[in-house]
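This document starts with two versions of one protein chain, written out as structure tokens and named structure 1 and structure 2.
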Structure 1
């Protein structure tokens, strides 16, 4: 990888964020950064500057200032004196001002509630993480022009509706932070939905993870941010264990813990511990994301104990229900109940949900019927689940379970 590629990857988001915050203009920031990269490509050669990111930032800043000046004097026909190009030596000799870290501010701009929800995560990943439109289109499985159009609309909204380039004040902090966290959650869930990670989704999950980790570094005192970052670490850690040799999905509690990424598990547990300590210190009840990450951590504890602590998982789902009572949580609680104590009671709960047409509901119901030895009904329920066109990895898993019920 060339010095320019590396600088683009590692510092692109930070440089573009700093430019956008400074000029309060996302388009200008992106155009100026692209121009700086083009100049770098033609001038660096095999002698890149000592600090490539600082070079890109200061050149892009000058490009942006020139453009603004041109715009201001466009009517007057007074072309500006072109500024001399800095040579790489200039930058080695001179200390550049440090690039201000404006990524948090930009995360809040891109995840503003006035921006269309389907554009927020993509815009954040592009601006703050430096992903290209082509990469994002691949990750979202959208044609590139469609995704580009969404980004254009979002940027236009920011500019024309006057979305402020500010970190929200304390009175709106909670609500706005929640919008940021939900954006990350939804985007990550999308990246994580398919167990078969052969496709471009895999890299996208990693980008979401690094964005969550970045947010955790930028707001180190927010328990819910740390908790979401913890969940993403613990979930990403399992990536290598979600498929068996034949490409079938492996449910969490049956995954081989040796396939989990130990470093990511450790990092997730550390983040969760910090989140919990902060909540305790502030005498706050843990928020929904803290409880969810505690559930992930309970599953992760199997790597030491060898068993999933189902009663703990069940208790955590009970706590989660208090703050987030939705069908997903109730279905997951029922699954934990089936594992912990009693498939019959769990089946009654699942039936109470009556979520006909929702794949996870049919899959959970089929599993409980099979556990109870009601195999004929289980087979019918597996058929109902398979009729809802699950992804290939999950379909293979469901077909195997169905075959086991047929044989029983």
Structure 2
């Protein structure tokens, strides 16, 4: 991986967030960062700067300032005062200022109630986390042009409504909190989708875990915030068990619990207990993230009991469907049904989704067919899943299962 690729992946979201917060213009921030990357590609060669991310930030700021100076509306912008040009001595002593981390501020900006609810999280993920429009469309199971139009309208609304680039007071967090949590969920899922941590968004796992933990400290009386933090702790705790010695993905139910991070598991269970206590105290039903965290906790209980309580997991998915009825939940419920009781009934539910072209659907359907002894059909479904270009660890797992069906 080149130095530019590494800086783009690891610091791109932070650079764009800092630029957007300073210049109060999302389009300008993205355009300036893109120009900085283009200049880096043409000038770095085999000798990148000592701090590639800082170089990109510095150049992008100068690009943004130059563009503002050439606009008739430059006086309407109030960016932070630029740092003075560093002297040669500054370069020698490596005293360049660090890139400010403005991601939490920009997350709240993009989740402003003036933005359409169906675009808030997507805009945040595009701007703050650097996800491509294609990746977002896949995550939301939407056509790419539809998602792109939502992003354009959302950015236009921020500009037209004069949305302030600031974190509102806690008393106004409620109107934005759900979109903020959705952002953290989807961003974390992008990292978790690659068991080998080899993809461009591998760093999101720990970053979103940290942001969720921070939000839990800032809003200690919000059950859904605590529940999301619990889910991310419990999920991240399993990171070390997700690959076998040959680099293949290991399904959750087959992971060696001795490889789970006990401290993260314990922290997740404590957060879930606090979330549940708050819901009981307020006498309202648990929200979707509380139910999801309970599902993770049910899986985590295997480290003590030695078995996964599949009937309990299935019951929790039934409860989740009441408050979050979407294809992902329905597919996961079908997997739990296959494990708990009846692969045939689970296959009927999966077939009812008809999500052709969605990799998890093909993989789940292949597994159910194999369980039912319909191995030729299972092989065809494994081929369909492999044709969708899974990550290397996931591809190796699917190839093994396919080979087992061929041999059966």
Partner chain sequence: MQYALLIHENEAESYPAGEADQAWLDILSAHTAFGGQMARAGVMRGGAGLKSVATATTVRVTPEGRTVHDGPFAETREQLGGLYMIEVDDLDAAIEWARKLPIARNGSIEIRPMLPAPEGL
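Just so we're on the same page, rigid core means the largest C-alpha set that superposes within 1.5 Å between forms. Residue numbers count along the first chain shown, from 1. Fair warning: this is a prediction, and the values are worked out from it, not measured in the lab.
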{"item": "Identity of the form predicted together with the partner chain, given as 1 or 2", "value": "1"}
{"item": "Flag for residue 127, CA shift 2 Å or larger between structure 1 and structure 2 after aligning core", "value": "yes"}
{"item": "Core-superposed C-alpha of residue 361 shifting 2 Å or more between structure 1 and structure 2", "value": "no"}
{"item": "Relative rigid-part rotation, degrees, compared between structure 1 and structure 2", "value": "49"}
{"item": "Core-referenced Cα shift (Å), residue 159, between structure 1 and structure 2", "value": "8.1"}
{"item": "Rigid core fit between structure 1 and structure 2: Cα deviation of residue 174 in angstrom", "value": "3.4"}
